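Okay, here we've got a single chain as structure tokens, the form predicted alone, with questions on binding and movement later.
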């Protein structure tokens, strides 16, 4: 275009609903040197910060529930550092309190079933049970979220039915089976039980999460020539990270703290898991409350630390799976 071309946009004033680039930002000389001050008095700010009566009631109920949950843990924690003579008098008596790590040492090296070996056994069972459930769960949830196939509703109903089954029913159905195939009283047999027990809720959880992932992403990948496997590996799995972390934290906590399944399927003392060892510490003459408290603290510390490390991803996965 030439300079005389009438179509050339020249310095035409912007309309009433249009803003120029210069109007969007303040000029350098217009920027104030100090931040704006709050003209409200402290009485006004205090009055505005006071919650309403309804919110105050919610806060009171939440604080009460939190205290009811935390007080037993505080008692357990304090009992783990005190000798038995002080625990019998009540852990809340702080006068003359003495701190000792003897309870942790005795629990770690307990003669009948040391907690050190039991924690290692629990790791051996828990980690494979979590990883395999995560992998199989997302592979089974993806077809339920994206594909249409015969008996889809029936199969999904059967998965939900497994979730509703009590653990006693699962134990009765698999007790003789594990004995016949030689997996009774072995790590592998217990791992398979935990995988089968946890797979149902994992499929339901991940299926709800995958329904929230836009299908347009997969359609664009298919247009570019990606296969189903490539879409699953490069799109679905990375986007499912928050949900997989949530599954890992919940499944890890359930398997780690499980007592019924190890009690039924594990008989050798050298294969005992941590939840099986804790009742053995009660002693024959008197209950060693301090040693039991120390063992309980060491046992629960692992899933608590895992939750604190993955809390951000856990919340994102839980919210997305429930909302979708």
Partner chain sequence: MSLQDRIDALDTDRDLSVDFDFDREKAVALAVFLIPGLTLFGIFSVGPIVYSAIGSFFAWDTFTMEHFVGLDNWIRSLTDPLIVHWSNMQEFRYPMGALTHNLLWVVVHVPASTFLGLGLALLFADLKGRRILRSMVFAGFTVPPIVIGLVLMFIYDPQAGVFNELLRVLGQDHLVRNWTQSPQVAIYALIAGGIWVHTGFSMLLYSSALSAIDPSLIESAKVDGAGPWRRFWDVIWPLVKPVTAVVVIMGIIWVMRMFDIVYAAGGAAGGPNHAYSVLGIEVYRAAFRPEIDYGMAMVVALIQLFIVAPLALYIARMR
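Basically, rigid core = biggest C-alpha set you can superpose within 1.5 Å across the two forms. Residue numbers count along the first chain shown, from 1. Not measured: the values here are computed from a predicted model.
The discussion below concerns the form predicted in complex with the partner chain, not included here.
Among heavy atoms of residue 211, none comes within 4.5 Å of the partner chain in the predicted bound form. In the predicted bound form, the partner chain stays beyond 4.5 Å of every heavy atom belonging to residue 124. Among residues of the shown chain, residue 193 is one whose heavy atoms approach the partner chain to within 4.5 Å in the predicted bound form. Residue contact check for residue 244: none of its heavy atoms lie within 4.5 Å of the partner chain in the predicted bound form. Stretch 145-153 is the answer when you ask which of 97-105, 212-220, 116-124, 145-153 has residues with heavy atoms within 4.5 Å of the partner chain in the predicted bound form.
Contacts with the partner chain in the predicted bound form, taken as any heavy atom within 4.5 Å, map within 164-194 to 164, 165, 166, 167, 168, 169, 170, 171, 172, 173, 174, 175, 176, 178, 192, 193.
The rigid-core alignment places the CA of residue 260 less than 2 Å apart between the shown form and the other one.
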